[in-house]
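Same protein, same chain, two forms; see structure 1 and structure 2 below, as structure tokens.
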Structure 1
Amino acid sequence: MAKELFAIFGNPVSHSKSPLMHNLSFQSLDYDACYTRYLLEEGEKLKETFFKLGLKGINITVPHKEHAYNACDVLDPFAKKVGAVNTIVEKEGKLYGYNTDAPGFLKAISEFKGSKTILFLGAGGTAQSTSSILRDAGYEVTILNRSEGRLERYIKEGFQTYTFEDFIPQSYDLVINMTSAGLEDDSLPAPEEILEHVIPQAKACVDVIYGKETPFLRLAKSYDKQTKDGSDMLLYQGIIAFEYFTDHRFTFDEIKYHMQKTFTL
């Protein structure tokens, strides 16, 4: 069998840890494959580019998850429900689409045992898929977003939603930054008055951003709260994608054993 080729498509894509995570795991598990990064500027060309490069599978990052969804011939039921695909595998000329961000996130927060109520700061693509899987898993998710536009979909799906202007603070077990605030700037995901109300009552604060301490997690630590960044989410979404890439030849724990080493390199 010829060496299988995989890639991550995004714009920007140079910062991505995925090539390291997957290549180290392929090598350690003796699987004949190679994973690279590809700067995709036009999302509409995703399918054409996939076949031109002769790929077996891809991960898709910002801003192409909706294009990825549209490019698939067959959608996993969960990816179909949430409208976002971050993993594609080619089988007999057809593209199969999956969402591994959401199950990865669900697993990442499983350490906060006994938590039930969650406040999401942000309502973008990542919040969309994760809110759905968390609700299915029995959590009560409230969505707080800077502006109204993105809340429409959540209102239709029956979530409690607020903007900063109409927020009625309650107590939440987990407060989670689902925005990109703090990724490339020093901003908080919500006004400080709101955060100063919800953080002290929370059991823990979580950020989907990884690789740096965000102003949000810094604020949470100033209240002596337990915190967690987005590294485990990244690791777990990667492991689940690897399971699809290799057609479930390896167990989750086998892959984890190797892939997690890239976080200490």
Structure 2
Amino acid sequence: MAKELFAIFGNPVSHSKSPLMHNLSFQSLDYDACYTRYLLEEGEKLKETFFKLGLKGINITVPHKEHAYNACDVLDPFAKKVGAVNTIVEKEGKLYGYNTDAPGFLKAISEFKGSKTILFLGAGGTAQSTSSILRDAGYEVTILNRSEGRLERYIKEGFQTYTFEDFIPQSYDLVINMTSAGLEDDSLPAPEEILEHVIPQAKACVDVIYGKETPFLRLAKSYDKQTKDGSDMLLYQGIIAFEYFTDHRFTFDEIKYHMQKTFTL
């Protein structure tokens, strides 16, 4: 049996820790597979590229999670509900789509005890899946986005939404950057005057970006707020994706034992 090939598709993708996480776990668990990165510039070509590269499965990061959804032949019920896919596995020539971001994120923020109200900065694919699972878990989620277009689906689903122009500052327990702002530059996910209203009243600030102190987290620390980057979310969604990649051959804790080692390398 040939070695199975996996990858992460995104743009940018050079920063991704996923290859290290999965390859160490494949090796440690004696699973014959290899995982790499692929810079996908045109999301419309995701399915074509997947088969051309001879892959068994992929993770998808920004900005292609909605393209990934459209590329799938079969959707997991939760991925179908939230309209975003970040994990795809090929089975008998068909692409099966899953979302591991949301359960990974829910597990990552569970440490903030007593937090109930959340402000999302950004309305992309990650926000789509996590807003739904957080609401189902009892959180009140508000979405703030630069423009109205992406907010339509949230409005239909009954979320409170704002654009930068019509935002009315309130008090939120958690303020979470769901955008790529600060990943490769010094930009903030929202105008500073808005952040200066909501950060001081928050219990903590979270960024889905991992491996660096973003301008958003730096601003939060200037107000002495507890902060958290996306490392735990990355770890937990990676473990769940690995379960799908290996057809649930290993337990969550078995995978976690090996995968979390990559965060100390």
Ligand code: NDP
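Just so we're on the same page, residue numbers count up from 1 along structure 1's sequence. In this text the structure is predicted, and so the values were computed from the model without any measurement.
In this comparison, the chain shown as structure 1 is the form predicted together with this ligand. Comparing the rigid parts between structure 1 and structure 2, the hinge falls at A102 out of the candidates T179, A102, G57, Y172.
After fitting the larger rigid piece on its C-alpha atoms, the remaining smaller piece is found rotated by 14 degrees between structure 1 and structure 2.
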